Ligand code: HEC
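One chain comes next, on its own, written as structure tokens: the form predicted alone.
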Amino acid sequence: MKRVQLEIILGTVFVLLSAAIMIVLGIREPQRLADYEVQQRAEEIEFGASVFVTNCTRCHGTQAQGITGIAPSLRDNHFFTQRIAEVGWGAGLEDYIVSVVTTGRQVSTRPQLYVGGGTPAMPTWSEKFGGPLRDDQIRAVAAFIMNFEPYALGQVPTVEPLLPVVDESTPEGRGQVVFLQAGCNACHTISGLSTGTIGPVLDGVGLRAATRVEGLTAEEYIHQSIIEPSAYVVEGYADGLMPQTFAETLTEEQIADLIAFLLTLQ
């Protein structure tokens, strides 16, 4: 075989091999791009979760479940199926979330249900309008909230059920609101409601409270713990962690409601 013929044969083989490689890569490319998109979305959701925890939990709850009377749930069926039609928004829900976070709300759109966190009802979060968040942070928050859609629509079961939004006409319901508004959720964990780790976990406190201090009922012990937190310190926690000012900052009615709520944690 002449050299030129060999070169032609080898060249043809290389061309065919290169073409085969390109075909294989071309076939796999859509899946690679899809996998990459999923990875990028996951990273954006994770980033959005950290931004949400830092900035949004005071009004919308530690798990976006909403706070009765203050701000709505961002993970329920109504939000994902009815909200944009309710406000007349013409684009998608994710863009709606971005818009609301960017500009805030001067007044509540549902004042009979939610008064908001102050004046304005919801702050302007975009740094373009004087807020603290960049555009990528706002987009990430929207991605994080959109991640709740399959749970809200019942497509994926929630691993740990959130505490239901309670009726504020009851002491227990008002007490749950006090728990959140007074900042108790920042230090104490209640499954489905808060994830604080500075103070003792309050799951089951309605039962434990009666055994903490001899001679005190569960109600009396919880009352003492709120207004005189140094009177009894749970083992493993340092004295002084619990604010000493709740007797001045909370009314007796608020304290009574808070106790009623904590007693339900059986």
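Fair warning: this is a prediction, and the values are worked out from it, not measured in the lab. Start at 1 and count along the sequence shown; that's the residue number. For clarity, a rigid core is taken as the largest C-alpha set superposing within 1.5 Å between two forms.
Same protein, other form: the form predicted in complex with heme C, not shown, and the subject of what follows.
Enquirer: Though heme C is not shown, can you say which of 193, 152, 133, 177 has a heavy atom within 4.5 Å of it in the predicted bound form?
Expert: Among 193, 152, 133, 177, a heavy atom within 4.5 Å of heme C in the predicted bound form occurs only for 133.
Enquirer: In the predicted bound form, does each residue in the set 49, 139 and 189 place a non-hydrogen atom within 4.5 angstroms of heme C?
Expert: The answer is no: none of the three residues contacts the partner (heavy atom, 4.5 Å cut-off).
Enquirer: Would residue 173 sit within 4.5 Å of heme C in the predicted bound form, counting heavy atoms only?
Expert: Judged by the heavy-atom cut-off of 4.5 Å, residue 173 is well away from heme C in the predicted bound form.
Enquirer: Answer yes if any heavy atom of residue 66 is within 4.5 Å of a heavy atom of heme C in the predicted bound form; otherwise answer no.
Expert: Result no; residue 66 lies far from heme C in the predicted bound form.
Enquirer: Using a 4.5 angstroms cut-off on non-hydrogen atoms, would residue 58 count as touching heme C in the predicted bound form?
Expert: Contact check for residue 58: yes, within 4.5 Å of heme C in the predicted bound form.
Enquirer: If you check in the predicted bound form, is residue 110 within 4.5 Å of heme C, heavy atoms only?
Expert: Flag for residue 110 set to yes.
Enquirer: For the heavy atom contacts within 4.5 Å of heme C in the predicted bound form, list the residues of 83-101 involved, in sequence order.
Expert: The stretch 83-101, when checked against heme C in the predicted bound form, contributes 83, 96, 97, 100, 101 at the 4.5 Å heavy-atom cut-off.
Enquirer: Superpose on the rigid core, then tell me if the C-alpha of residue 52 is displaced by 2 angstroms or more between this form and the one not shown.
Expert: False for residue 52: its C-alpha shift is below 2 Å.
Enquirer: Is the shift of residue 42 between this form and the one not shown large enough to count as movement, that is, does its C-alpha move by 2 Å or more after the core is superposed?
Expert: False for residue 42: its C-alpha shift is below 2 Å.
Enquirer: Can we say the CA of residue 62 moves by at least 2 Å between this form and the one not shown when the core is superposed?
Expert: Shift of 2 Å or more: no.
Enquirer: Say whether the C-alpha atoms of residue 177 and residue 93 sit closer together or farther apart in the predicted bound form than in the form shown here, given that their separation changes by 3 Å or more.
Expert: Their C-alpha distance grows by at least 3 Å in the predicted bound form.
Enquirer: What happens to the Cα distance from residue 62 to residue 245 in the predicted bound form: does it get closer or farther than here, with a change of 3 angstroms or more?
Expert: Closer is correct, given that in the predicted bound form the C-alpha spacing of residue 62 to residue 245 is reduced by at least 3 Å.
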